[in-house]
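In structure tokens, the next block holds one chain alone, the form predicted alone.
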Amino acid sequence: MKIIHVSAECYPIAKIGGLADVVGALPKYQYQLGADSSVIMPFYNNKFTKTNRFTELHESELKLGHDTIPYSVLRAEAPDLEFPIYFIHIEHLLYKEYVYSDNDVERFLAFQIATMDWILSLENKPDIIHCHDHHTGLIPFMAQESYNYKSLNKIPVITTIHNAQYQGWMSYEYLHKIPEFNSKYLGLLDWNGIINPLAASIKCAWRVTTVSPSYMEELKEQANGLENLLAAESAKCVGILNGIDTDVWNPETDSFIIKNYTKTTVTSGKKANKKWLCKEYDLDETKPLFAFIGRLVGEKGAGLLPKVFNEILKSKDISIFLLGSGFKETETELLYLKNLHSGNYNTYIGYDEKLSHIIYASADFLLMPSRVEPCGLNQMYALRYGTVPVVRSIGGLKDTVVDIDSKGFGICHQDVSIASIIEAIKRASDFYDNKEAFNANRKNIMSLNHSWEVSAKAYLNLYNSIN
């Protein structure tokens, strides 16, 4: 089976969030299971593209409204890649140092048209086109309705919603740039009086998946305006839990961390990593270490963290370390706390891949007080490294973390409030003090299987059911 994944991100080429991790792992595990699975994405101006070799496979022009734009298709020749990755190279639109900007309508529209034109040119066409999020949301519509691509409309197109909060809205002034189609099908593009690529994708895709079963159910109640659409299309919707790449996220072989370890050596291994982190960032290694890794945005509950941290550090003898960036006001408040709680708290504003691995290997607990969490990968990374997740029970967090009071292995809370987060931290701290139970739990959670192999098989089964 030949599968082409279409995405704006893919680890290790370009990563903004969890989308990159998924698109960097799912094709790899499908490939290992015998499928001809590949990715096509934009060719950005970044470290990966500057330091690797590429072969040009195709050169042509695309029509973007009245404009004719040259593009090329490249294949990465990087030796470490474990599946084929192709790139759409459009000099003035896609070849940027950033992935996203304030207005990406023409950039991603051109990317999608070039992708469809390239697929049209292939002698050996894919059996499945798998689109990821709104940046690729017009492909299901174009495959179904645009005159240029009618010969492709027998190829099943899958859409995966990684985060329904972002839908790629565009005004009707861009309508003429979408490849020509019969105007009686204009309603497939529209949702609430505006062109909505994610809505169009849900309407036109053969199947719609989300990144966890619970998130699929939650979207029928809260999907930033798409609730009724998802309810109406529920017969073709399914939630498939994301996995993690257990080759990349493996404390036994991870080259980023200070000392490697297994579940039998987890105590000494985490102690060595924690010692390094605490020394580097002026924290006390003898105290339970709580960490937060992620975007400092409302979805993640990050706006509450400054008040949570300030209050809990006054009453509990713990350490806290945060890695992330986002809203400037939240960043400023978090940085200010360093003066108030020196020796117990520190933060790194920004993102550092190596540091994130060290944090997972060092921390005793990972905080995820999310308002919205379609799947969440951080809690799975934490489990893999023997770090106990402290999570709000929603979306993928609900599907992957069971509270210790329910014979589980994590700390769960139901609300996103200062009081509920603090209470969860206190419960975690008390659990840490029960050394025998805490250490046994560490070994237990490292044995949980959240590998992509399980999820990759589920996707292959889905493809086979419609192909």
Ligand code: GLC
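Note that residue numbering follows the sequence shown and begins at 1. Quantities reported herein were computed from a predicted structural model and do not represent experimental measurements.
From this point on, the text means the form predicted together with this ligand, which you will not see here.
Only one of 368-376, 186-194, 255-263, 142-150 gets a heavy atom within 4.5 Å of this ligand in the predicted complex; which is it? It is 368-376 that comes within 4.5 Å of the partner.
- Message: Test of understanding: in the predicted complex, would Ala25 fall inside 4.5 Å of this ligand by heavy atoms?
- Response: Output for Ala25 is no: heavy atoms all beyond 4.5 Å of this ligand.
is_contact(Asn273, this ligand) in the predicted complex, heavy atom dist at most 4.5 Å: Asn273: no contact with this ligand in the predicted complex.
Does Asn163 make contact with this ligand in the predicted complex, using a 4.5 Å heavy atom cut-off?
Heavy-atom contact with this ligand at 4.5 Å: present for Asn163.
Checklist entry - Is there a non-hydrogen atom of Leu94 within 4.5 angstroms of a non-hydrogen atom of this ligand in the predicted complex? => result Leu94 lies outside the contact set for this ligand.
| field | Proximity to this ligand in the predicted complex, single hit among Lys125, Lys338, Lys220, Arg295 (heavy atom within 4.5 Å) | value | Here the answer is residue option Arg295.
Worksheet item: Exactly one of Arg392, His135, Arg384, Lys300 has a non-hydrogen atom within 4.5 Å of this ligand in the predicted complex; which residue is it?
Response: Flagged contact: Lys300.
| Residues in 12-27 with any heavy atom within 4.5 Å of this ligand in the predicted complex | Result: Gly18, Leu19, Val22.
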